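Next comes just one chain, in structure tokens: the form predicted on its own.
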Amino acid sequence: MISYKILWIDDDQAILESAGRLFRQHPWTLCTAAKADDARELLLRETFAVVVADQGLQAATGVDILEFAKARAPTTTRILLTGGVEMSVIEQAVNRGHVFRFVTKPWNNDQLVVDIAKAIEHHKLKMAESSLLREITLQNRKYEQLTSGLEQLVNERTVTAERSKVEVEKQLTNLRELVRFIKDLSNLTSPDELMGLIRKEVRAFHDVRPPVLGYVDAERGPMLLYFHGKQAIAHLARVIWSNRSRIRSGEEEDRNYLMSEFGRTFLNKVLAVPLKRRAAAGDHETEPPATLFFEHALADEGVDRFLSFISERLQPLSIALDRILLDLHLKYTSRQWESTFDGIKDPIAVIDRDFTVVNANRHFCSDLDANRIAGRPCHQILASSESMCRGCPVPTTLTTGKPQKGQIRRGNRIYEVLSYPIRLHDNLISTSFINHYVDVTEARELDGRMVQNEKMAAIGLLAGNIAHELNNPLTGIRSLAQVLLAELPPGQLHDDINEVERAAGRSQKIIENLLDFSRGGTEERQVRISLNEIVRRTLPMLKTAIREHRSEILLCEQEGEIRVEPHLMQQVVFNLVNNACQAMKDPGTITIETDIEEGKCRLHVKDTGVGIPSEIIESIFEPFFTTKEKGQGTGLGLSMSRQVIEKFGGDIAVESQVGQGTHFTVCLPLVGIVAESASRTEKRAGA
């Protein structure tokens, strides 16, 4: 820590001692002088931060001493000590001694300490100011030395700047031309346009002919693009050009290649400039780089200038050609995929997680414009439904992330749907799905018919065995009964034997109906037959199914005839009655009724079963639609029944209420009336 010196000048020894006692408590060094000469001596010998002088000295005034201190050390802070303040003394102290403070006797110790501290701070500022002034002076001298030869330096720099300005303007012009060239490249969409721009750029070089561009087209292969007049013509290269990637000037290999391809003589030299390309999908490592061939008559200096010009444009040219060829490659690949997908006869669609169609082939939407597909749900396009198709496998695919299979219906067609998840960037979450729809309607119908034929074949075999095993004993029973009837006189025994003979006849009739039913469409012919007769033939085969229920058989009194194939109509009656029995889990009532109205012969089959929900009642006639458990039905019964009825010019309708039952009505054209039935109503209670 710096200890600042204070010089106190006073001819009163008591004053000096009092000041000494006061400053002992502060980090200052006090020097005292009782005479003016002693004070001048100390000022010449030492440097003080503060000088305090009493105005009333004997040999000189305090102002004289302070004036001397100012001349000796301008940075010293000066304080005048006086017993009374006179205006003339103040003026002299300010003008001659530049006094910092006036201290009157007697002084206040605290105030004096404050004044001395401020005087020391003032001294510090003066010292800093003096140091800064010296530094500024030194710097000014250096600046004077530096500026002494400034005029010559400025002249030299001016000449250099003028030359640089010309060079910069030249570079700026070239840069502007390059920026303009790059902007023009960004708007090009074909190699023809690219060649037109290159031709325009090299027009300033009069000894350079329009270029030839060799490139590989993803669809057509190696191509040579050249100018015939102002028109760009694409020529399929017979032989591939050199695959070297360096610039070649005046080499015979390039000249001979062009002569061979174009069948003319190239009198001038050929400059070959390869364009670097980023490898696209399908590129081969041996594929040559796209190359610009320039025929020219330039001297060596002109070749260097042309190469410098073309080299500045080489990278943007390569990028532009790469972009154009990549775009052509993508379009070609897209057309390939579209042709591939459209060539598949099955509907195929790409859908996202919200069931929105992203893309689809023409078989998916053959009835719709392709622009009306994107953004619409697949179930709305495929099935005209506002909700997801029943049996769609996409939710399961979404949950499991694995391919799934399901079945949906589109009108009267059945499709097997194969759903495959698509993942991008190794993401575990499927972003979209490919749905492949395979029409299995005919296959399913064929399977169902095969199952039905196998059932009918089994019934036929069973019926044949039954007929073979039962007809012989029934014939014997009936023959014996007829013999007994001829021998017995009328009476109770005669009546009993007559009943045995009729029962045997009914049994043979039942076997005959069963054989007709199981024989199927072997004759494939339509006949006139009473609807009541068809019902009578079919009911004996349903006794087991009807046994648990109360049945009401209401046959029309008039025997209305229809033109049908009897065995097919028996199958219709069999399916309707059998379905009615299966719909009643508990014993219920089944009603079978026929009537004639407005030229139509109608069959009614009613049950008191569980009924059909409204949301599926429109689907019950679709092939393979069934609500039965696996193994209890194929879903073909009602579908086949409707086909048979429509084949004979009729129709079938259904009415149902959940929990109350179902009513099927079959209408067929009436072709005639044979006779009236003996009895119209038959009621049977379940066992």
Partner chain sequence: MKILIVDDELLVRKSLGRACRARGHEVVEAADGQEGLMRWRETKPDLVFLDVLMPGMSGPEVLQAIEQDSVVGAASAGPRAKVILISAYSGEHNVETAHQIGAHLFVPKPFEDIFEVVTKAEKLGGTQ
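Positions refer to the first chain, counted from 1. Just so it is clear, the structure is predicted and the values come from calculations on it, not from any experiment.
The form predicted together with its partner chain is left out here; the points below concern that form.
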Task: Residue (of 130, 137, 380, 479) lying close to its partner chain in the model of the complex, criterion heavy atoms within 4.5 Å - done: 479
Task: Option touching its partner chain, based on a heavy atom within 4.5 Å in the model of the complex, out of 608, 508, 359, 92 - done: 508
Open item on the list: Can you tell me which of 69 to 77, 485 to 493, 102 to 110, 330 to 338 lies within 4.5 Å of its partner chain in the model of the complex, counting heavy atoms only?
Closed with: 485 to 493
- [ ] Examine residue 395 and determine whether its closest non-hydrogen atom to its partner chain in the model of the complex is within 4.5 angstroms.
- [x] no
- [ ] Considering only heavy atoms, tell me if residue 473 and its partner chain come within 4.5 Å of each other in the model of the complex.
- [x] yes
Open item on the list: Under a 4.5 Å heavy atom criterion, is residue 189 part of the interface with its partner chain in the model of the complex?
Closed with: no
TODO: Evaluate residue 465 for contact with its partner chain in the model of the complex, applying a 4.5 angstroms cut-off between non-hydrogen atoms, and reply yes or no.
DONE: yes
